[in-house]
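So this first bit is one chain, no partners, the form predicted on its own, shown in structure tokens.
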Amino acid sequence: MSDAQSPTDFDFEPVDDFEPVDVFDDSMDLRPGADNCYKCTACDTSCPVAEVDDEFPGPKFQGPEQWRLKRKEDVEIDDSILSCSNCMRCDNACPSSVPLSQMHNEARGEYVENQMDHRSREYIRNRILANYRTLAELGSKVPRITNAVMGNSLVQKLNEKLLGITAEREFPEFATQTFREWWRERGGAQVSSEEKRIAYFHGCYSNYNTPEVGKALVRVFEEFGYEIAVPRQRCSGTPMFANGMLDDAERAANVNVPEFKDLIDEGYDVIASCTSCSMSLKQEYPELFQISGIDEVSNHTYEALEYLRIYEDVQGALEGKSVDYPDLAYHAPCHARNQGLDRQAVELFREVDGFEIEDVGSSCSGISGTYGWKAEKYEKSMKIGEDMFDHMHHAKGSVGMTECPTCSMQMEHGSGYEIRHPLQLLEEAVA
């Protein structure tokens, strides 16, 4: 959106002397970052939501402009902040390093806490989606029954009518054995090492829905000689940030940070198999919360392939390997791009014989965690994903690959392809 199209007049007096002010109650002062914005609109042109939603004012308004307006007078947060999908592509687009996603998270939390009706259907729906782990923990106790109920078309229609959760998507099935159950059954770590230690942040989806991803991580890292710990953990907070549920996210972080900090003190690094989980622990935790040990957890967190490429000769381990694998259409999640990891799977696997891997382009998948699960956002979500679907259909492969579980849902939903995780292919090649 141009300045002329902004919903409010944003003229303001320049500030010469820096004086920290409280913008969002007791949160951090974001003025230095906001003042770096010179309205180039690179963030707006990179925003996948603004591209398909004419009513969404874009990241520039949601971030520095809204912040400046709130500084000028005590105005309320604009409700369009709930249309931001938290893909965080604006962070990468900004040439001035304005902390856009941090501003969005702060503003969204402020709006949800103080302006949103907590008895509204939208709030209840968003709270349920943001706390997927709670639903998954209950559902996975009787996975076959839960899968049958949640997969029923009548239940899906009721979910849309009563809660606003789209009936267009198939609810992801729960595994009959969670990753943590499998880990306990095998007796935990099978490799001991004083020098090579990782603590696995499996997240909710690898635990309850796709334990094969967690198993692949364990087998690959043990093949490279790593001792693995799987500590107690809660959701990374990613869906909570996207829905403005910052109190819920902080409660989860208050479990995760001390659990992983204790292991870091024993020589472990923190490894995630989901790029949104690693993004949360690396960037969003220290931006939003003040918890003892949070900087150490941030500095010691890596995505799984990222870590192996830094500390092991994975390319050498793959040289001369031939794998009986289908050709792959690879999508790099937005949160992988934010961490500079968007090319790693293609670079790592392109020399392996037996299949071809093709990058299906830089577009957003469109689902952005819980965004595409909301009935009023579903069509926009699918429109954002059109480029990716089109590239997938034109790629040689008919099997998809990505590191993000919700991108995986969108890829499968829009193409009909089976979707795999890069760790599953690495397991096939080296473990």
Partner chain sequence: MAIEEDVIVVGGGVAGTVAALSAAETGASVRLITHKKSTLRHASGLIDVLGYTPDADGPLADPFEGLDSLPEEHPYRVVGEDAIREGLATFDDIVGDEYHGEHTDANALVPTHGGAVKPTARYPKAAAAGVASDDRDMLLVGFASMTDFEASLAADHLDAAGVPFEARGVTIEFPKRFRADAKVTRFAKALDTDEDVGGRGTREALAAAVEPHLDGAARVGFPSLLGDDHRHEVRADLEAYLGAEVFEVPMGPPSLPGLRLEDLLFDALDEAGVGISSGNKAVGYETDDGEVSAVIVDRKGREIPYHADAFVLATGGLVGKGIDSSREGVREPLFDCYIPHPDDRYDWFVEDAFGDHPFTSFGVVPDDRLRPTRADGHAEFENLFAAGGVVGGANVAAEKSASGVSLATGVVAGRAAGDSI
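Just so it is clear, the structure is predicted and the values come from calculations on it, not from any experiment. Positions refer to the first chain, counted from 1.
Just so you know, the form predicted together with its partner chain exists too; it's not on screen, but the next bit is about it.
- Using a 4.5 angstroms threshold between heavy atoms, residue 300 counts as touching its partner chain in the predicted bound form.
- In the predicted bound form, its partner chain sits within 4.5 Å of a heavy atom of residue 46.
- Contact annotation: residue 52 falls within 4.5 Å of its partner chain in the predicted bound form, judged by heavy atom distances.
- With a 4.5 Å cutoff on heavy atoms, residue 379 does not count as touching its partner chain in the predicted bound form; it lies far away.
- Partner proximity in the predicted bound form, defined as non-hydrogen atoms within 4.5 angstroms of its partner chain, places exactly one of 319 to 327, 201 to 209, 168 to 176, 343 to 351 at the interface: 343 to 351.
- Shown here without its partner, the chain carries 195, 219 and 251, none of which come within 4.5 Å of its partner chain in the predicted bound form through any heavy atom.
- Of the candidates 289, 123, 182, 311, 311 is the one whose heavy atoms come within 4.5 Å of its partner chain in the predicted bound form; the others do not.
- Interface residue among 294, 112, 136, 94 relative to its partner chain in the predicted bound form, by the heavy atom within 4.5 Å criterion: 94.
- In this stretch, 168 to 192, not one residue has a heavy atom within 4.5 Å of its partner chain in the predicted bound form; the partner itself is omitted from this view.
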